[in-house]
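This document starts with one chain, in the form predicted alone, laid out as structure tokens.
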């Protein structure tokens, strides 16, 4: 079993990933400041092969010492989402980009880096064309720019890497977020009984958080045949527009009204469909449908009244 270092392990993807890796017997160390949720990893203190370091990932001496002890490095720590990055520009650049540069410069040949970025780097795709890994990256937000730059750093400075460009993630996590599009739409439909859409034709690809975790474990098992490559990672049947997503939610929450505002622009300009064929050809396919994720989220938001603390 492997020794794995995860930065940002208490986050939305990280808390689910740490849990699964420990369940299957790996040794996991995570660095996290526990800024947003102090308890997302509490269920893991039971494991003797789990180590939480409450520290800043920008600390050079700490990262250097930890890289020597771990085979797999999964850097998830980041300021996530456009609003948070706009609000904290300096921190966004130092955490999302400069910390990755530092990590790659200090990594040794034995370190295998699995880097997750966002397919929001595609910005606005062409109308009748899917974005694949060769499509130009045209990030709109500072968040998208910092993540694209970090991917470039990983690809130029490391020989031992796999990069994933993630679709918009959905589903329940130990560190819950309700700002992600599917999660947000479901919570809004429950709370207000209405979904208000701007530019409803805007397209997006989606993936369940558990499928992201599965993809990382698949990569660890197949690292040599996948390395030195970048892959889109999404659910191929979930390339849909916002109006299609709203209708899927209405099917399960029948009283939901869908209102389309015609003369208002959506501040989030992303609009693209994404091809996931490259990773599928390697043998990995996302499985969890939007329908089952919506059902899970309805139960979560209906039965759990704890306030979700988003990043901003």
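Given the structure is predicted, the values throughout are model-derived calculations rather than measurements. Numbering follows the first chain given and starts at 1.
Keep in mind that the form predicted together with a small molecule is not shown, yet the notes after this line are about it.
The partner is not drawn, yet in the predicted complex one stretch among 78-86, 224-232, 129-137, 185-193 has residues with heavy atoms inside 4.5 Å of the small molecule: 78-86. Relative to the small molecule in the predicted complex, residues 178, 211 and 301 are all farther than 4.5 Å at every heavy atom. Here is the short version: of 166, 163, 238, 150, the single residue with a heavy atom within 4.5 Å of the small molecule in the predicted complex is 166. Note on contacts: among 219, 141, 117, 158, the single residue with a heavy atom within 4.5 Å of the small molecule in the predicted complex is 117. The small molecule is not drawn, but in the predicted complex it has a heavy atom within 4.5 Å of residue 55. Though the partner is left out of this view, residue 297 does not reach within 4.5 Å of the small molecule in the predicted complex, counting heavy atoms only. The small molecule in the predicted complex comes within 4.5 Å of no heavy atom belonging to residue 264.
Within this chain, residue 21 is remote from the site of the small molecule in the predicted complex, having no heavy atom within 4.5 Å.
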